[in-house]
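Here we start with a single chain on its own, the form predicted on its own, put down as structure tokens.
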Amino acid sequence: MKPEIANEIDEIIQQINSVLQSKALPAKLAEYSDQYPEMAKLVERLLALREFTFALSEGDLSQTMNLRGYWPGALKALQANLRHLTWQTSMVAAGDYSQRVDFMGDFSHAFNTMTIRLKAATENEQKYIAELERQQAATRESERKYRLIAENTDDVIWLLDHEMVIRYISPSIERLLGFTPGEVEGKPISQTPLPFFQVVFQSSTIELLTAAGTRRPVIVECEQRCKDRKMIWLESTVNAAQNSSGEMIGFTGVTRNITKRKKAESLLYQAYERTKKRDFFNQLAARNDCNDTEVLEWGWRDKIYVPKDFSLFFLSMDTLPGDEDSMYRKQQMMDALVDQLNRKERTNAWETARGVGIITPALADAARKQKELAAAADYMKYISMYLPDTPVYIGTANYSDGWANFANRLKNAATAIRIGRQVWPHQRIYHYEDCGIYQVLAPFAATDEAAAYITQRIGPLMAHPDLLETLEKLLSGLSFKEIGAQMYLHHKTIQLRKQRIEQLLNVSLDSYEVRMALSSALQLMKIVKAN
């Protein structure tokens, strides 16, 4: 080979090698390409391969190449695999972790491991999110239920921190006491219009709640004034509030209105005390042989104060109509009256079959009777405040030392009312010791002989009330003129009536024995009517 040809071949090889090694094209490449057409085709293919390869290296998978053969085929296969890998990656990014690569050696293993772990991580994340959403939903539902309960229950739910500041109080506080949550929340309990908190959180309460190992609630009852000045009874159940670590963070509690329950308890207690006193004194009233020592011991046993010396009163009321409803109302009124009397200082009152018995300590001094009448007047005034429209009468028993004559004294007090209402109808307070001859006549008036005696002595006058009235005036010792003036009649009319009475009774009113017998019959008639 000629040296010139060899040199030219080397030159052409260098030109082609420059195409593969340098970005810039050699200066003589165009000259040789024009000179050798086959070389021009080779250069063209090399440039196409170089451009296609450069695009692949830059990540541009959109290029196309029209060359065929082993090398272009390999590059096209690489481009296709990269395009498929790109699509698989986008699918993984979209959450499809089933994609696998099996044509890139270690990269395939790393890719496949990545998708497997991503799938596991995503599944764990989904499980965590699902559990978190479930817990959040449960929390929201729980909060909704608690809020629903707190906003609709009549009980007041509250939360205090460890510095005794009200952090939460349910809206029901406005229905219970008239104050809104905004008026008390965020304030220490000592600066709120709710003093029941200070009663609830006495030192003893806090000691019980904070004692080690104590988880039992503390229940406190107290009265609270409402915003409208009304007083009600409250019951508060208090617990120590703890966080998840068991540390005490304050106090929780529920407060409710127990006014009705307290009233029911009070009524029950009053009914018990009322029944106890009624049974105690009515048992004593059934006998006249009571021993002072026994009575005092029985009173101590039943927790009833019984003085050794006492004044005894009997209280009677005009009855209501006897229908069932009025009997119930009467019993209610009687119970209220007995309870009210027992609230009075130094007073024991109880219901009897026909009225109310009352005893109060007394001293047998010279002014004893005046004191008893003054006490009766005081009881009358006291009772009239509660029963202003009900006529009430009070009879005072005779005095007797001790309890030996208790039953008779109670009967005498009742008798004083029966006699007094007939003899002194303008009064309402009577003392047995003022009844005079009526004290003797009263026991006899309860017998059948009394009615026979009255009929025998003044029976013919029963049909003539004007003659009975005239007879009573004549027996009082008044003159005809005085009687006529009192009855607005002429004195001769009174004289004629006297003659008519003597004619009907076939007696002479000038006889002392006749006058005494007729007077006794008239007094007996009054007592019998009173019975």
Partner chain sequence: MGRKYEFNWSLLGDISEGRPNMGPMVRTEIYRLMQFCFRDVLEQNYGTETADKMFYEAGLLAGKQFYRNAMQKTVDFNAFIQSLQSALAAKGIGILRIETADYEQGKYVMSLSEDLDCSGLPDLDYEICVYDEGFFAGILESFTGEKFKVKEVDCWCTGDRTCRFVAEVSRE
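Positions refer to the first chain, counted from 1. In this text, all values refer to a predicted model and were calculated from it rather than measured experimentally. For clarity, a rigid core is taken as the largest C-alpha set superposing within 1.5 Å between two forms.
Keep in mind that the form predicted together with its partner chain is not shown, yet the notes after this line are about it.
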Point to revise | Single option in G73, P391, P171, P443 placed near its partner chain in the predicted complex, where near means a heavy atom within 4.5 Å | key: G73
Revision key, fill the gap. Checking S98, Q126, N282, T275 against its partner chain in the predicted complex, the residue with a non-hydrogen atom inside 4.5 angstroms turns out to be S98
Check your understanding: Can P37 be called a contact residue for its partner chain in the predicted complex at 4.5 Å between heavy atoms?
Key -> no
Practice item. Could you confirm whether F103 comes within 4.5 Å of its partner chain in the predicted complex, counting heavy atoms only? Key: yes
Point to revise | Exercise: W87 in contact with its partner chain in the predicted complex, heavy atom 4.5 Å | key: yes
Review point. Is the gap between M248 and its partner chain in the predicted complex 4.5 Å or less for some heavy atom pair?
Key: no
Revision key, fill the gap. Of 431-439, 129-137, 151-159, 89-97, the segment with heavy atoms within 4.5 Å of its partner chain in the predicted complex is residues 89-97
Review point. Looking at its partner chain in the predicted complex, which residues in 24-59 have at least one heavy atom within 4.5 Å of it?
Key: none
Check your understanding: Is G182 among the residues whose Cα moves by 2 Å or more between the shown form and the other one after superposition of the rigid core?
Key -> no
Review point. Would you say F111 moves its Cα by 2 Å or more between the shown form and the other one, aligning on the core?
Key: yes
Point to revise | Cα displacement of R368 between the shown form and the other one reaching 2 Å, rigid core superposed | key: no
